[in-house]
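Here we start with a single chain on its own, the form predicted on its own, put down as structure tokens.
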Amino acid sequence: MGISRKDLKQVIVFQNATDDDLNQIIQNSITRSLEEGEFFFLQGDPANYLYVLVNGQVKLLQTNPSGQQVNLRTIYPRQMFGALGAVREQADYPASAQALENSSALAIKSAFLHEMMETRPYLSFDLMKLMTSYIQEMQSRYRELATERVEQRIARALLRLTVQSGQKVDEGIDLAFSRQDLAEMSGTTLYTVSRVLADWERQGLIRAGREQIHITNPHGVVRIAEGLEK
């Protein structure tokens, strides 16, 4: 499955691109398809390509020297990831990109986009906007880790997932994710996530499955995220 100019136009960095620019990007790219669990790139690899997700979901994760993983963000279709090499020569990927399900992405050579940026200011400005939004998100995540209770952090992670991929149904909101992903997103352990979700299920806030969750009381989750319930 490929990507059209119309699809590419929905990517933040390419929202101001001309049809000719979009054609050049598509012509100088390849499509990579991976099965669930495979990696588009690994932390520390040379950042020779940047990617636009066509379909599926991708997890960006960092691993520390002791092997502990942190989920930085989840990528959804029409989102760009791995773009550091287009900004800085001889850059390495600061995180790994793992397919959460069967996924495909448009792989664009970092050097090619860097060349385009030299004559197309809109690319530089729009890429700056994207990276600024990532920095702001990381600042918020750091503040949460430093100042908030674990229940608040888990609730905020659920709300982020709701905005990104939640499916509204008659009795609430359905989400699909693993508890390990939620633990990595909220900076805690799998045991703690399981304990908190079990407590919320007893309170009637959610119904938790093996790799999914149904939020039955979104307002209650928001109150926890805002620190209004202890």
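Heads up: residue numbers just count along the shown sequence, starting at 1. Here the structure is a predicted model, which is why all the values come from computation and not from measurement.
What follows is about the form predicted together with the DNA, which we do not show.
Asker: Residue-level contact is defined here as any heavy atom of the residue lying within 4.5 Å of the DNA in the predicted complex; does R120 satisfy this criterion?
Answerer: Contact with the DNA, no.
Asker: Within 4.5 Å, heavy atoms only: does H219 come near the DNA in the predicted complex?
Answerer: Because no heavy atom of H219 falls inside 4.5 Å of the DNA in the predicted complex, the answer is no.
Asker: Just checking whether L42 would be counted as a contact of the DNA in the predicted complex - the rule being heavy atoms within 4.5 angstroms.
Answerer: Looking in the predicted complex, residue contacts with the DNA do not include L42, since no heavy atom lies within 4.5 Å.
Asker: At the 4.5 Å heavy atom threshold, is K59 in contact with the DNA in the predicted complex?
Answerer: K59: no, not in contact with the DNA in the predicted complex.
Asker: Of L72, V150, A107, V87, which one comes within 4.5 Å of the DNA in the predicted complex, counting heavy atoms only?
Answerer: If I apply the 4.5 Å criterion carefully, the residue I get is V150.
Asker: Are L127, K129 and S133 jointly within 4.5 Å of the DNA in the predicted complex, each by at least one heavy atom?
Answerer: Looking in the predicted complex, the three residues L127, K129 and S133 all stay beyond 4.5 Å of the DNA (heavy atoms).
Asker: Could you pull out the residues of 194-214 that have any heavy atom within 4.5 Å of the DNA in the predicted complex?
Answerer: Those in contact are S194, R195, A198, R202, G209, R210, E211.
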